[in-house]
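Before any questions on binding or motion, here is one chain by itself as structure tokens, the form predicted alone.
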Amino acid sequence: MADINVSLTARTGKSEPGAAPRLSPAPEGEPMLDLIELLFFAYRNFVSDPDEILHGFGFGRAHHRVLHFVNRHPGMRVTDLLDILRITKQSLGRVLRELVDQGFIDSRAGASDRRQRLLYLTPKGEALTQEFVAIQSRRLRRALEESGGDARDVVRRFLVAMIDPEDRSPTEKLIARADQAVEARSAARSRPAG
């Protein structure tokens, strides 16, 4: 695929290097092509570093998503992962099989229902996932710092608003549960033994 080089100076009339153009709201009904393109480019760069690492294992973005959600929700059921990712059981099966076979994920039978498959990261999976989190957190932190004061809250509200209304509350609850579980594990590790 050919590289596309577009000068923001030519489009906005600005000549300051690195200066973000000031965008005015698009009139009602007008396409927001600039924002659509920015989302494409931002996502491309956001996933590029993990993509490069995954390529070395013969993995793709689906593997990254599985690793991310298993990391955030240790012991999650395969059916819950299917609901989150909204992919077919067949697609997930291939990705999971590769992650299990290469030692990144451990798939265990449920305690009460042996037919259930519960997913956990192995130490190898945790290390890889933490590498992705660190890389992507650095990119987000830099972008938020460049965006100013309350950018994190604004961006969070914007991203939640991009989600279909019926999915917003379940998504926010899923994130909150994962955050609470991380805090609880962290607190348990910091308690003195004995």
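Numbers follow the displayed sequence, beginning with 1. Remember, predicted model here, so these are calculated numbers, not experimental data.
Although it is not shown, the form predicted together with the DNA is what the next lines describe.
Using heavy atoms and a 4.5 Å limit, would one call R117 a contact residue for the DNA in the predicted complex?
Looking in the predicted complex, residue contacts with the DNA include R117, since a heavy atom lies within 4.5 Å.
Under a 4.5 Å heavy atom criterion, is G58 part of the interface with the DNA in the predicted complex?
Contact with the DNA, yes.
Can you work out whether Q102 and the DNA are in contact in the predicted complex, taking contact to mean some heavy atom pair no more than 4.5 Å apart?
Output for Q102 is no: heavy atoms all beyond 4.5 Å of the DNA.
Contact label in the predicted complex: S91 to the DNA, heavy atom within 4.5 Å:
Yes, S91 lies within 4.5 Å of the DNA in the predicted complex.
Each of A127, V160 and T171 within 4.5 Å of the DNA in the predicted complex, by any heavy atom, yes or no?
Not one of the three qualifies.
If contact means any heavy atom within 4.5 Å, which of 62 to 70, 30 to 38, 144 to 152, 160 to 168 contacts the DNA in the predicted complex?
That would be 62 to 70.
Taking the DNA as it sits in the predicted complex, which residues of 74 to 90 have a non-hydrogen atom within 4.5 Å of it? Please list them.
Heavy-atom contacts to the DNA in the predicted complex: R77, V78, T79, R86, I87, T88, K89, Q90.
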